[in-house]
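Let's start with one chain on its own, the form predicted on its own, as structure tokens.
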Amino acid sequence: MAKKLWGGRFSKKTNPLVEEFTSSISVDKELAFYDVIGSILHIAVLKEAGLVSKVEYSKIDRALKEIKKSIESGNFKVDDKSEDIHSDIQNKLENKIGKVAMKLHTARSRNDQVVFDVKFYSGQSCADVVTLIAELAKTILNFSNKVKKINIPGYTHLQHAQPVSLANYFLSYYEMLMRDGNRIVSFGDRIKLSLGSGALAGTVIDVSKYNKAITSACKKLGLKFGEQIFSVDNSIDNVSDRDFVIEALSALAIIGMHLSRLAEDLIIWSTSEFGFIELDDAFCTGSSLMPQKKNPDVLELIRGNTGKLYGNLMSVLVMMKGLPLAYNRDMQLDKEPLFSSFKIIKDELKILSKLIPKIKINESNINEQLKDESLYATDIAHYLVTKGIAFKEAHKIIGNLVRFSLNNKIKIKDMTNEQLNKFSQFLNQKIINKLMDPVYSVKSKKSIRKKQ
């Protein structure tokens, strides 16, 4: 294994099995950029505190910025033999400028580094997710406007319920996305980046030195969030807290649940039994055996990934539940679930933004389903209410009418006025034909403020 950030008190080399078991470089290499930024801020603090000279500061700062540039350009190569990303960057720094690089770790601990890095990563990833949510929400709004004249059967318990606007149906997912976006924004706003925890007890550097140096360094780096980075409020809490990881995983799991429900609706609607929609070929796959198959694999994976999102949340909750203060190595295991969940959600938001506009609506199949007279039973009952009949009685009357229709295999629309009058004097063919119209049914609902 490459040079470590520790080891002076040990008389034996680490067992290779232990090195392999404890290494996190394969996962936390994702944090390279964030770790370099933290190091640039930290060396500025050391200069402000007089713990490095101006010459030493310039050498270390310049070298760190060169590493930062290599990361941004995609030329950064991780040494897989490093214990973690913090060690890897420190080793690269030493290779560049020699022993002066060893001063960077003054008043610093990986406990402090990692929480800074992960919070920084989470904040940036939240911004990405908010942007992608906005793109999908816009896609749904545009698609809803395109289908605003189409009505479909609405379902409860997967049974025909009442006609609804297809636009309103899709806009229900828009509302979910708006809540998701607000949840992520709120979480992102609560992330507080800080330096100065040390291992758990804080450092010998004064608070004012941290705040002054960090503010100045952030301005030089062009970091917009500079005003959000401060010296630490409580060093023990800072290094031992992973509430922000759990909160992120929770918010991402909720987004995944919403996307899974949307995927499930689209999967069902695309079946031969429903035939409401046809998915674009570019978003489907085939069968290795059955030539005719067109499978909604993308949507199925969105649905399936929800299990991963829930599992990621649960794994960190369980990992944290019994940890004593402050930092414990168990907490190394928070990053893989976090990175995984952010990637899953980003990928799903991107693909749905491309998939939805390509959906083809099969209006003929939808219209066939809208002929189901049971969809209009509630409308007929409400009509009777307007005639002074109590709703409970109207409910019973229409229930009897539906049962008579089913038992005698006769459509309500085909009943004579005489037959209809047996159930209520207010029912006749003209009224039934008016009420059993999906357009009329949808337009008659007045309570929906945002109805399309």
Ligand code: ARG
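Numbers for residues come from their place in the sequence shown, where the first is 1. Nothing here was measured: the structure is a model prediction, and the numbers come from that model.
What follows is about the form predicted in complex with the named molecule, which we do not show.
Site annotation in the predicted complex: the residue of 108, 119, 92, 86 reaching within 4.5 Å of the named molecule with a heavy atom is 86. Shown without its partner, this chain lists 114, 126, 316, 302 as candidates; in the predicted complex, only 114 has a non-hydrogen atom within 4.5 angstroms of the named molecule. In the predicted complex, residue 332 approaches the named molecule with a heavy atom inside 4.5 Å. In the predicted complex, no heavy atom of residue 170 sits within 4.5 Å of the named molecule. In the predicted complex, the named molecule sits beyond 4.5 Å of every heavy atom of residue 210. The closest non-hydrogen atom of residue 327 lies within 4.5 Å of the named molecule in the predicted complex. Heavy atoms within 4.5 Å of the named molecule in the predicted complex belong, among the stretches 53 to 61, 24 to 32, 393 to 401, 413 to 421, to residues of 24 to 32.
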